[in-house]
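Next up: just one chain, as structure tokens, the form predicted on its own.
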């Protein structure tokens, strides 16, 4: 049974599009971001609105390909396409952009995007478990803080940073609790609804209102569990979806799996659980705490990236997973290469079935994806 509060969650897409326009007209500063490595807390501490920018739809890619090569990651092309077509209200109303050097494709695309709006680029170290990397990343946090102070003519105090950290931790805790509800067997939420609730968090203009809706969804879902109402029955194979981020417009693999009868119980990717796993330490110096939290993100751009394997292992155990599906976008070299390591870990260490799906945002291979999803789900039923 689908929670009724999901109707309110879905309505946030339209509400936030209106609210971002109203906020701009009221003179509120808006900082647009793309990545889970981007510290929203610093933007919030500057009394600005921190929003995720559009990049999960096929629609603007044709326009992007007039400048960008066709054999490029669809996420990069979609992000740039939204920027040059003014079809993303969050990009349109952003005063400044925050970019990050997570991959070469994005890094070079940002050079072009920087001609459209003021942009600050955070240079991400490529090794997480290293004292030099942490020191470097702290300096990058300070540079972003200084950038916003200069752009908006204000001072970002430690007190404001601490308040922003507490707010974002509350959001993470709420979304972690929501995600953890699917550890129940059978799962009370579909993977599609879980994806939507977590993907939309980045577009919430009013963080408090967004947290409130998630808390309502948690409570209704718990009530449904107590009544024996679930999204799937107990026989549905339970799948963990890992890999590249997804959102509305790029969810075809997730949809195909659930239409084939599987219950996608956990989303390890950066639009799912990955950014929620670690909280910011509220007892430490704010900049140091932010650097530690964001640098701990187990992204495929890092080497080594054993943290991702650890997270996949923990989620598979907690969510009683029957199989793992690794989604990789075409031309996303880091995730495509790392899929070999993930496959080896899942099959040899976790002793679970594994499938990799490499695709893009288009509908051209929808039939093929559907057939592969159905075949994989059938093997899990045996």
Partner chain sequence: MHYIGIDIGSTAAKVTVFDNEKIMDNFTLPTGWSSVETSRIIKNRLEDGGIEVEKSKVVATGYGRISVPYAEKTITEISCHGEGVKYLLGEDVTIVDIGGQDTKIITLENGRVTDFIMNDKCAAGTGKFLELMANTLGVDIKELTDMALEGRDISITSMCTVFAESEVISLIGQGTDRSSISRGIINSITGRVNSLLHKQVRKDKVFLTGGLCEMESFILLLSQKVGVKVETHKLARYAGSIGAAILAGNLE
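A quick note: this is a predicted structure, and the numbers were derived from the prediction, not measured. Residue numbers count along the first chain shown, from 1.
FYI, the form predicted together with its partner chain isn't displayed, but the following is about it.
- For the three marked residues, 305, 314 and 337, no heavy atom of any sits within 4.5 Å of its partner chain in the model of the complex.
- Only one segment in the set 51-59, 351-359, 27-35, 66-74 has any non-hydrogen atom within 4.5 angstroms of its partner chain in the model of the complex, and it is 351-359.
- Of the heavy atoms in residue 10, none are within 4.5 Å of its partner chain in the model of the complex.
- Looking at residue 341, you'd find every heavy atom of it more than 4.5 angstroms from its partner chain in the model of the complex.
- None of the heavy atoms of residue 18 is located within 4.5 Å of its partner chain in the model of the complex.
- Within 4.5 Å of any heavy atom of its partner chain in the model of the complex lies no heavy atom of residue 1.
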